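Only one chain is shown below, in structure tokens, and it's the form predicted alone.
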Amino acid sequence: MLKVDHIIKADYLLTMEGDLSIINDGAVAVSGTDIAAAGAFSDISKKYSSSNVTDGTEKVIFPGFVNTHTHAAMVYFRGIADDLPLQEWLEKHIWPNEMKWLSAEFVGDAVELACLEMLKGGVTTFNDMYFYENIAGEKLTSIGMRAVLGSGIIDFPWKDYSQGPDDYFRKAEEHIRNWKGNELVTTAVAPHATFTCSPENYTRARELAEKYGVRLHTHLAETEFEVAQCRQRFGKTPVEHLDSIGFLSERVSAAHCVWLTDNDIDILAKKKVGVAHCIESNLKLASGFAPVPKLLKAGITVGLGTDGAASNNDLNILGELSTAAKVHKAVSSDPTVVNSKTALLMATKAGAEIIGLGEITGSIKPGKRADLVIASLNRPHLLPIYDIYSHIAYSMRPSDIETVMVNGKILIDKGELMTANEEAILEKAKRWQKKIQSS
């Protein structure tokens, strides 16, 4: 019998592999950082033993959620400027506050709060686009979370990037080198959007990503304003524009993709671009409805993202998958689209694939990292149980999540963070709130 570090049992095991079948009375064997085996407990117990066997009565195990698009440090701007159009929100409120407050200390403290919130909601991996990503990496690895950290690129000088693009690219390259080979941090280059990045800087970002073999992460076709401006400047939609300069490829994860033509969808499918669907941010900013059923039908891989907490206002992927599953039914007048299995797949395996981590996380499979979520089903809003997928998509809440494991290490146990001082993280957030409010 093989000795492993953990055997985790549950009434229901969802591997998100194959035909997405449910394994009743399932178990996952964890050895070191990896999943050694997954299947029926009766089978696992014949081959594996462990001194750490977690009882799973009235529980479900599924892969950790993947947040495919966020700006983690913006959690400190949660609620600072709500109920406004995106351009007004961005240019008159967010950018001025970032100019005033952003620093390595701000980002480090804010990322701790973001990691705490995401982990408690079952998110084990996130795809970030922001600045000061080195300090973000230090904080999240200290906590033990997984992330793709994209160094933001824009055209104009800003804060500690006084030389403009040259500074952004220099720091992006340093960031890539600093984290090469890290177990938890993967790096990316993140040109912001067509209205903040020139064709030259998009091309430069692509070249840097290709040089180091890393991912690209950008906003794309989020608003009508963006599309209209791009057409005016380049005579093309944002998708057509980025395709014409050779930017689009399977290396790219594109956030939002709300205002797409049929030709845009064909291009994204042909170039194998992954789409990060951020439905709650799009709803709150009245950006529109991404054509997700069309994207899926075209064979485009779609994941779920929260966007930053300044525009959502939380980092709750359970909320995203529930909203996505319901809203697209209403928009398309078809109750069968984005069903509960599809929504959970978008939140896990598909999300990992579009950020380049499909071989590492996103599903429960031997050889992948042990990034797992165990949730209680013994809750009034989760009983009785007829379809576990429907329960997760339409009824489950972050407070139902009891245990979260990343890379084989338990980070959340009985709903509490094990690797950092929760109270200290919350107190820092309160101190920053007072600073920002008093300014």
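Start at 1 with the first residue shown and count on from there. Values in this document were obtained by computation on a predicted structure and should not be read as measured data.
Not on display, but discussed next: the form predicted together with a further copy of the same chain.
- Per the 4.5 Å heavy atom criterion, a further copy of the same chain in the predicted complex is contacted by stretch 308-316, the sole one of 364-372, 308-316, 249-257, 164-172.
- Among 84, 265, 135, 90, the residue placing a heavy atom within 4.5 Å of a further copy of the same chain in the predicted complex is 84.
- Proximity to a further copy of the same chain in the predicted complex, defined as a heavy atom within 4.5 Å, singles out one entry of 429, 20, 23, 418, which is 429.
- Not displayed here, a further copy of the same chain is approached by residue 382 to within 4.5 Å at the level of heavy atoms in the predicted complex.
- Remark: residue 212 does not count among the residues lining a further copy of the same chain in the predicted complex, judged by a heavy atom distance of 4.5 Å or less.
- Using a 4.5 angstroms limit between non-hydrogen atoms, residue 327 touches a further copy of the same chain in the predicted complex.
- Proximity of residue 289 to a further copy of the same chain in the predicted complex: non-hydrogen atoms within 4.5 Å are present.
- Along 94-125, residues 113, 116, 117, 120 each place a heavy atom within 4.5 Å of a further copy of the same chain in the predicted complex.
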